[in-house]
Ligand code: GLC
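Form predicted alone, single chain, as structure tokens, below.
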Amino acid sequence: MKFKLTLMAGLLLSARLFAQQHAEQDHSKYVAPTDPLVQQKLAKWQDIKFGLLMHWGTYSQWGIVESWSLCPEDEGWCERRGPHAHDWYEYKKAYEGIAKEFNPVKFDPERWAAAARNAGMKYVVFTTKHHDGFAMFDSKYTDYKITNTPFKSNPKSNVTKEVLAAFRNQGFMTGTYFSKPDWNNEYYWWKYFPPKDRNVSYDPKKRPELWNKFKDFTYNQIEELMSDYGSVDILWLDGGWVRPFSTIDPNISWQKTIPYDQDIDMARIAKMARSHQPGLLVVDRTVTGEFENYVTPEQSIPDHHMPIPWESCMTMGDSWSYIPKENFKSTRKLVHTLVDIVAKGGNLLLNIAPGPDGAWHKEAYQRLEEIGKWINVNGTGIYETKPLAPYRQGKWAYTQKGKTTYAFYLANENEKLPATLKPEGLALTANTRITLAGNKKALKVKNGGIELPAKVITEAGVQPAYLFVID
């Protein structure tokens, strides 16, 4: 039986979620980088707007949520299933045993990179290690890794190296997702104490010798990624509960539950990483300060323009990790999401999850192809643009580049252009020069509205969003 919220409970929950969302969008304490190389790379990253995130690991073999079923918290995303669900210790043993059967023989990063490029994506962030600690790279600091599976004999077994190389060859900026917590490491979930939740299983202040070993382990793995895998543009760190206690925001519910100071020494890590990768963007997610070069709202879009570097990380379907039957968002929804984010000054990092065989769902390729067709006509209003007030208003979204204004009309499903359109929040005069992207015919403005001839409407066809170029 599903629990039904009463009206009052629902209102209270909505209020809490609203308050938390606004707390997470309040980045008045954002610290802009001072290193000129980092500034240059950040500016470049802000211009390219659209990236690909991939969650992939042994959890894909079972088609379950990434890592979280290992976490002994009473939350929906942590729910265990299967024959070992009743016993956490047996479950963890079985989960870590997936590595013995993980063999993604259809792994083809060149096909991924080509599809992403054709869709208009320009950067990639790949999960080199999630919270479960399984390394998708050939780390010498753990045996729990992709090169210690049945896939080890494959010439592409070091998948992180292959992914980064394939995307780099297509002109992408490259990023490495790395989880700071590691639930496989004995110095994080120390076996003397069973873990109670996602956090370290002991108090680091009481056992500094253990915590220092974990800090060194983390440093060493990140150094491998920064020195052995070619040029890297972004170090994208997840697991925001691993943070100095002083950085906890009491207005955010999940941060209030962090019991210990888990200072991983980001200054040391960032200095080392940039010694190998000058200008590297460091994204210590949710930990406001000098090591969060841009902020990353998750599965949400801010309700307002944010004047700092930011990126919404969102899923193409419902799940971050592979599930056999995924509910993919429509092309229209994905295009609207991209436009909404760019109009508010952000980037979209869109997640696609490879399966246990190393292949994407066919629908993922279809969505990228359809997005690419739209981008080919309308990308001029996306890339290298700046947000323009009123940003988003009604069915309209605005960007600018130099003296050119771009006005996106976000259409309903299967909606053709009407004979007259009046942009909300934007004043037009009869002397305004305006065209529809993909069509050179100048359109007339009458009483502040754009007049669209029947031929222009027919030639435009049905699009998820229509772009008007205003000089």
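Note that this is a predicted model, so its numbers are computed, not measured. We number the residues from 1 along the sequence you see.
There is also a form predicted in complex with this ligand; it is not shown, and the following applies to it.
Relative to this ligand in the model of the complex, residues R332, Y398 and Y466 are all farther than 4.5 Å at every heavy atom. In the model of the complex, this ligand sits within 4.5 Å of a heavy atom of W320. Contact annotation for C313: at least one heavy atom lies within 4.5 Å of this ligand in the model of the complex.
The closest non-hydrogen atom of H55 lies within 4.5 Å of this ligand in the model of the complex. Looking at R285, you'd find a heavy atom of it within 4.5 angstroms of this ligand in the model of the complex. Residue-level contacts in the model of the complex: of K344, R243, H131, K145, one residue has a heavy atom within 4.5 Å of this ligand, and it is H131. Here is the short version: of W45, F50, W68, Y406, the single residue with a heavy atom within 4.5 Å of this ligand in the model of the complex is W68. Stretch 231 to 239 is the contacting one of 184 to 192, 83 to 91, 364 to 372, 231 to 239, since its residues have non-hydrogen atoms within 4.5 Å of this ligand in the model of the complex. Contact residues in stretch 173 to 204 (any heavy atom within 4.5 Å of this ligand, taken in the model of the complex) are limited to Y177.
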